[in-house]
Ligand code: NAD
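To begin, one chain is listed below as structure tokens, in the form predicted on its own.
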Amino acid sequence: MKYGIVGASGRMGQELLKVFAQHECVYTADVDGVRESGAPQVVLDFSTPKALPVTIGACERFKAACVVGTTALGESDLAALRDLAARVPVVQSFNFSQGVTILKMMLRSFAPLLAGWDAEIVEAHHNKKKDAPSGTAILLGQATGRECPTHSLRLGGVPGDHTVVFANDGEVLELSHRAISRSVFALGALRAAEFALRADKGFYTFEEVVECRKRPE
């Protein structure tokens, strides 16, 4: 696979380079400029919303698939990605962890049984994360089908902890996910990139990537 990374010098950019080591990086873009040695088949962006036009421009120019894990994207950003998806495959998610994706699916299935319970979310990330609540917390809240008060912690080097707490007068039910290493998101991005290279043009979520992996070949 020939691939490109927007935000290559950032934390996630460095993790992507490690996980994609068996493949060929032919395009990078970051604060130091753009470097290219070929045409990428897929472009990955886990940087900032401000960099999204660079990512979309590269995908347009190279006719490359797109994998975006940037958090804090606005409605206009998502609209731009959906427009790009009319021409190339686009996989977008605020979290590329398989465990978080399965947790979201569990919440969607079982939250209706807890409709009479209180529900709140607690999430923790490293102290350099700029957005709060996290995109993942927002996704988990949406999966419950209701408004969930969210409490955000920004501490040390925490890669990402999320807990959805349900409670009634007599009991408490907690559903939690902990990312042990940032590499889990890069591994998910690799899975998404492999999916995108086989996919038709269109807009896809990481949930669709995970579900595809479950099916027999």
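Quick note: we count residues from 1 along the sequence shown, nothing fancier. On a predicted model such as this, the values are computed, not experimentally measured, just so you know.
Keep in mind the form predicted in complex with the ligand is missing from the figure; the text below concerns it.
Partner contacts here mean any heavy atom within 4.5 Å of the ligand in the model of the complex, and among 130-138, 112-120, 82-90, 143-151 they occur only in 130-138.
Among A29, A192, V164, V43, the residue placing a heavy atom within 4.5 Å of the ligand in the model of the complex is A29. In the model of the complex, the ligand sits within 4.5 Å of a heavy atom belonging to R11.
Although the partner is absent here, S176 is not a contact residue: none of its heavy atoms lies within 4.5 angstroms of the ligand in the model of the complex. The ligand is not shown here, and in the model of the complex it never comes within 4.5 Å of any heavy atom of A58. Residue contact check for T101: none of its heavy atoms lie within 4.5 Å of the ligand in the model of the complex. Along 90-127, these residues reach a heavy atom to within 4.5 Å of the ligand in the model of the complex: S93, F94, N95, F96, H126.
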